[in-house]
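One chain is shown next in structure tokens, namely the form predicted alone.
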């Protein structure tokens, strides 16, 4: 009998790539969304799995709805990817960010504790939980203390510790994946790498003139999303649950990425790039990157894309998505 996996946040990048992975492994996949979202159907259709995933509505902020969802679908595994995931937006909507990112997690954990403690639970944690990190503490490992500097980071840290607490206090199988920046063509348009790649391609095609950016000096650990979702699945297949940093282990400045994208497309940064101080965040981390050795050692998960190969992959995927979308819209 196939396992049943419940994926919250099915409309997002990670949700659909994880759904594709689990469907290919023979899972019955239930995708949860607050309300049926055209973005979910679009992304699922793009990956060719729209008929393999059952999309259902559930308000994760409602304890009653969450418990009813578990009773209805009786999942073996739950992957909680639902979140208000924009750092910038969290400064403007801190209450909403906490409601979605923290209250929903305790509702899911309580439902598991009440309904079926054998359910395995994955929580999508974030590198933003570490916040202001000194150079002496880089690369970041799982043991580093959190010091979040945004409402988003604080909400994710709270959800992370709730997940750890339910593992230790109630014996639930809960695992947290602390994912660093991971990109794909299916990334939301408000994320910076998606913006850079998509806008640069539009400039190349004569559909845009300028890429407007904020702080290009930041350096991050950038990876490829389809590779990262496999690590999520591997976490729930272990004999004992634990928490893992999932990252590329490489660090690259945003300026270097913009330069690489423009260079590969034959664009002149001096002509096509404009900086706008209004896009600067009040608190922005200068540099952050991680150490994925625990995931390599315990999960047998390896990441082998250089930053140049990542950009090549993103440009190729973006071009394919743009072409596919034109046909989809017709």
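Positions refer to the first chain, counted from 1. What you are looking at is a predicted structure, and each value in this text was computed from that prediction instead of being measured.
Below, we refer to the form predicted together with a small molecule, which is not included among the displayed structures.
- Highlighted residues 5, 113 and 167: none comes within 4.5 Å of the small molecule in the predicted complex, counting any heavy atom.
- Residue-level contacts in the predicted complex: of 252, 107, 150, 125, one residue has a heavy atom within 4.5 Å of the small molecule, and it is 125.
- Between the options 236, 192, 100, 211, the residue in contact with the small molecule in the predicted complex by a heavy atom within 4.5 angstroms is 100.
- Remark: residue 159 does not count among the residues lining the small molecule in the predicted complex, judged by a heavy atom distance of 4.5 Å or less.
- Using a 4.5 Å cutoff between non-hydrogen atoms, residue 33 counts as a contact of the small molecule in the predicted complex.
- The closest heavy atom approach of residue 13 to the small molecule in the predicted complex falls within 4.5 Å.
- Of the heavy atoms in residue 120, none are within 4.5 Å of the small molecule in the predicted complex.
- For the small molecule in the predicted complex, the listed stretch (181-189, 211-219, 69-77, 141-149) containing residues with heavy atoms inside 4.5 Å is 181-189.
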